[in-house]
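What follows is a single chain, given as C-alpha cells, in the form predicted alone.
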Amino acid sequence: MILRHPVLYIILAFAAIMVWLPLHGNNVSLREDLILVAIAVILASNLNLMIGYTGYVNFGHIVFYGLGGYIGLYLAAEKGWNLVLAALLAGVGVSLFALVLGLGILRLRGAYFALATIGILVAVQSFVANFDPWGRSTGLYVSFDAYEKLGGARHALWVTYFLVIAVMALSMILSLGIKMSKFGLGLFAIREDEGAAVVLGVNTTVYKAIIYSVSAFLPAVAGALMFYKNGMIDPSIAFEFMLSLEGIVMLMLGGKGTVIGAALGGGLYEKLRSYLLTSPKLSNFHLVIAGGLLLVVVLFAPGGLIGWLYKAVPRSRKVLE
C-alpha cells in the first residue's frame, strides 16, 4: 500500500525541504535555482512513465510541456482565468490530445515510434508558430496587470514556485502509485516482452495510450505555471528539442524505471547544466558533456545511480523504488 511505502515519505520530505529552503532568509536566487530543479524532476519523472515503465523512447516529450504552457498562458493572461484553473485545464486538454495521438502512433514500436515522436514535436512547433491566437512566431506575453490577481508580480513568483513544487511531488507520487498498481504490472509486462503481454491478456494498445496520456498531464500543468511565471512564451523555447534529449539523459543518469532515480537524475543534471551554462569556459560544451555523460552511463552503469546503489547496498531495494 502506497501510504506505508517509505518512498512516499521521502518524496514529502524532499518537497518540504524545497519549500523551506528559499523561505529561510527570503532567498530569491535559491528559489530560482530550485524551481529549475523541480521542473527537471517533473519532466524526468513523467518521461519515466514511458521509457522506464513501457520501454518506449519518447523524443518529443517536451511537446506536452510546451502545449501546456501555451494553453495555460493564453487562458490566464489573455482571457483572465484563475491561474490554477487555467493550468489544470491545460493539463486536461494536453492529456486528451496525447490520448488520441497515442492510440495511433503507439501501434508503432522501437525506432519507428521514436522517430514519430520527433515528427510530432516538429509538426506541433510549426503549427503553433503559424497560429494567430497564440502570437505566431513571436509568442505570448504576460502584462504586469495579469499578476495583480496573485498580489502583484513579486508575490506571483512565490505562488508559482509553491505550485510547481506541489506538481513535482505529485509527479513522484503518481510514478510510485503506478509502479505499485496492477496497471503498472501490465506496463512492465509490455516493457519486458510486448508479445508475451498480449498473450497474457494485456490490452497493450490501450495501456500504452493511457500511460502516454497520463505522462502528458503534469508536464502540461508545469508548463502553464512556469511560462506564466516567466511572463512569456514562444515556439523556440516551448518546444526545444534539446530539452527532450536532456530529459533522457536525466532519466538514464538517475536510473530509468525507478521513482527516486528519475528525480535524482533530474535534480543532479539540472545543477550540472546550470553550472556549465554559467561557466565562461564550458558554456558552449554543455551538450557535448551531456552526450558524453549519457554514453558513460549506458556503457558502465546502465542502471544509473540507483542501479549502482542497489548493487553496492542490496538492502536499499527494500526502501527505494
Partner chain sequence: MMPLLEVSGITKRFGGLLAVSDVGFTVGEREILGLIGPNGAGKTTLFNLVNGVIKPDKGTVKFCGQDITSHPPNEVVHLGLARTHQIVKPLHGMSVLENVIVGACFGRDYLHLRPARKVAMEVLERVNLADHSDKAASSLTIAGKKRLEVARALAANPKLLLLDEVLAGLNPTEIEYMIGIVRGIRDSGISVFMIEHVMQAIMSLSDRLVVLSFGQKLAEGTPLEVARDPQVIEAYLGDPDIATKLKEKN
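Positions refer to the first chain, counted from 1. What you see is a predicted model, and the numbers here were worked out from it, not measured in a lab.
Although not depicted, the form predicted together with its partner chain is the subject of the following passage.
- The closest non-hydrogen atom of residue 148 lies beyond 4.5 Å of its partner chain in the predicted bound form.
- For the chain shown alone, residue 181 is a contact residue for its partner chain in the predicted bound form, at least one non-hydrogen atom being within 4.5 angstroms.
- In the predicted bound form, its partner chain sits within 4.5 Å of a heavy atom belonging to residue 186.
- When its partner chain is considered in the predicted bound form, residue 192 lines it closely, a heavy atom lying within 4.5 Å.
- In plain terms, the part of the chain that comes close to its partner chain in the predicted bound form, with a heavy atom within 4.5 Å, is 203-211 out of 168-176, 237-245, 217-225, 203-211.
- The listed set 114, 103, 153, 198 contains one residue whose heavy atoms approach its partner chain in the predicted bound form to within 4.5 Å, identified as 198.
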